[in-house]
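For reference, the chain that follows is the form predicted alone, supplied as C-alpha cells.
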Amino acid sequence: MEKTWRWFGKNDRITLSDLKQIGVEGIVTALHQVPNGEIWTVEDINDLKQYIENAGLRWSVVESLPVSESIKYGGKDRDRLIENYKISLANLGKSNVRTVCYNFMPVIDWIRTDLNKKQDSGVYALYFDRVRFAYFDIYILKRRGAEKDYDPGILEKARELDTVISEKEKDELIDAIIVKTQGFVNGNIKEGDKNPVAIFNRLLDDYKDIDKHQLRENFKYFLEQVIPVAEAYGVNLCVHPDDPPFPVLGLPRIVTCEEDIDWFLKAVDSPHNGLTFCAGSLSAGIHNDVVALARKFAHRTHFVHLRSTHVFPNGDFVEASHLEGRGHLLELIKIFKAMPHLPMRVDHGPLMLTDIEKPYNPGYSFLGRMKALGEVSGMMAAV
C-alpha cells in the first residue's frame, strides 16, 4: 500500500519537505482555490503536480473534485455542472492523475459536535454527541419536524440541555457542525460568514423534496455521465462513505452500509466506479462489520482511509487510536495488501503536544497524524 497524506496545497502549514522526512510517498490534495463547479484546467493541474514532484513526491489522489449541490438535488444547472466535471476529469487523466475521491453527501461533508474532546491520555479527539446534535437540530436550526427523528430519551436530554447551555456553547456547536468542519472542505459555509445558521437552513431547503430514492436516482444520473469519461482517460472514481453513516438533519444518506455500496457499484457496473474505503466513517455505524465490508468490496476499492472509531452504548462515538476501535485496521491491512499500489492515508489523528495551540484544520494536525502513520507503518511492516 502506498503511504499518502492529505495536504491542503501550497499554503498548508505542513510542508512537502516535512512529509518527505516522515516517510510519506504520495500526496492527496485538490485545487482548493477553484470554486465548486468550475473547471480544473490542465495548466492548474500540472502546476500543482510539478510542485509536488519537485519535492520528490507524487500526486496520488485527488480529494476531492467536489460534486456541486445542484448535481446532488437535481437543479436546473446540473447538466452544465456535470459537463464541467467531465472536463475536469479528462484534464486530470491527461495529466496522469488517475484516482479521484469525492462524496455525494447532501450539504455536509462530515459532522462532529466537538472538535477538541479531551481524552484520558491528555490528547484531544473529534467527538459526536447525539444529545448535543439533537439540541443543535431542534433548538438552534429549529428544523421543522426535527423532533420526529429522535427517540424520547434523546428529546428529554436535549430539553434538559436547553436549560443550562450557555451562549458560548451554542456558538461552539454552530462552529463545530457547520463552519469549521465544512468551510475548508466544500466551501458551502466558511469562517467569517455572517449568520451561518441561516445559510445552512437555505442549503437544507434545497433538499426538502429529496428522499433516499430520488438522491439515488440523481447519483446514478451523475455516474452515467461521468464514468464513460473516467474510462476513456483511465481515471478511477471512488466515492467516500457518508460520515456518520446514518440519517442526519432530515437529509437522505445513500452510502452508509453494505446494501448502499452494493447498489451504487451495480448502478453503473464499471471498474472505474469504485469506493473510498473509509474505515472510520463505516465503523461509526454500529450496523457495519468493517472487516466483512473490506473483504467484499476490496476489488472495487481505489483508495483507503485508515482510521478507527469507538462507539459508546448510547450511540455517541469518538475517533479511536489507529491501533484500537471498530476499524480493526490490522485486519484491513491484511485484506488490502493484495491490491497493487493501493493508496492509503491515515486520517483524523489526535490533537496532541505542541500542535494543540496551532490553527490546523480539524482532524488534520501534524503530530497526531504522524503518530498514526507510525502505527500504521508498523502494522504494514508486520503484515
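These numbers were taken from a predicted model, which means no experiment stands behind them. Residue indices: 1-based, along the sequence shown.
Below, we refer to the form predicted in complex with a small molecule, which is not included among the displayed structures.
Undergrad: Which of these stretches, 100-108, 162-170, 206-214, 131-139, has heavy atoms within 4.5 Å of the small molecule in the predicted complex?
TA: Result for this chain: 100-108.
Undergrad: Using heavy atoms only and a 4.5 Å cut-off, decide whether all three of R6, H305 and Y364 touch the small molecule in the predicted complex.
TA: Verified in the predicted complex; spot residues all in contact, yes.
Undergrad: Here the chain is shown alone; which of K72, H240, R300, K180 has a heavy atom within 4.5 Å of the small molecule in the predicted complex?
TA: Residue within 4.5 Å of the partner: H240.
Undergrad: Considering only heavy atoms, tell me if H322 and the small molecule come within 4.5 Å of each other in the predicted complex.
TA: Answer no; every heavy atom of H322 is more than 4.5 Å from the small molecule in the predicted complex.
Undergrad: In the predicted complex, does S64 have a heavy atom within 4.5 Å of the small molecule?
TA: Yes.
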